[in-house]
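Just one chain follows, in the form predicted on its own, and it is written as structure tokens.
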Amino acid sequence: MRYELYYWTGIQGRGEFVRLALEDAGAPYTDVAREQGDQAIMPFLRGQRPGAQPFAPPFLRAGRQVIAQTANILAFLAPRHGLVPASAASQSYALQLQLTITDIVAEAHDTHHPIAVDKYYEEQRPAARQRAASFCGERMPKFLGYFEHILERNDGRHALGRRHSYVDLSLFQLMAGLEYAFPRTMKGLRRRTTHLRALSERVADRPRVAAYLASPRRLAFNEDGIFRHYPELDEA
């Protein structure tokens, strides 16, 4: 099967978590909007295409199925491509971890859009500074401390069991995004995130991931995506 991934052009965004899984698995896919433009997404959002109607990208077309929501897409792909153990308990736990990653990604986004997503960052700077101070001082250490503990209590190398999974790929992307958006805060957390950093290095060295990261398919982080670097929000 050749998958079709639908996500906005010009940014990594939430679609990047899906791309990493597809790339690591060597699964053939088309990044539709990058070839046809963002207008290719709109008929699905308007309910003008067969299959389940998504609320927003990313969504994946797999044959006649349309699967939306990042964690849901990954839970669909993982057992088909060896990115999660076969047991129902392991798959449920993997989804639990992925949904927790979804939570911190949403909070990272809300540091620069704390009031409304339809207003520019420049229109909500004072609130953004307050939100970012809480995120950097309290929430980010709490989330990363949780994932660090998950690795420690496991084998120290993987989030799930004794094998690579899609959760490891998503933790890599989370760490990369936070390093870009909050370099000062992440530097302060370096000694408390040793397992996460080692995991990120291992994921980046995986042959297919390394090839993807070196390719033009891997867009750079920028100030239009989820992880944005505004120095005034990273004063830890």
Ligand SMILES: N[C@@H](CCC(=O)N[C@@H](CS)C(=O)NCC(=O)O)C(=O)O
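All of these numbers come straight from a predicted model, not from anything done at the bench. Heads up: residue numbers just count along the shown sequence, starting at 1.
The form predicted in complex with the named molecule exists for this protein as well; it is not shown, and the discussion that follows is about that form.
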Subject >> Single option in T194, Q69, T30, Q53 placed near the named molecule in the predicted complex, where near means a heavy atom within 4.5 Å >> reply: Q69
Subject >> the named molecule contact at W8 in the predicted complex, heavy atom, 4.5 Å >> reply: yes
Original post:
So in the predicted complex, does any heavy atom of T102 sit within 4.5 Å of the named molecule?
Top reply: yes
**OP:** Considering only heavy atoms, tell me if P57 and the named molecule come within 4.5 Å of each other in the predicted complex.
**Re:** yes
**OP:** Indicate whether the named molecule has at least one heavy atom within 4.5 Å of a heavy atom of R14 in the predicted complex.
**Re:** yes
**OP:** Considering the named molecule in the predicted complex, find the one stretch among 176-184, 22-30, 203-211, 57-65 with heavy atoms no farther than 4.5 Å from it.
**Re:** 57-65
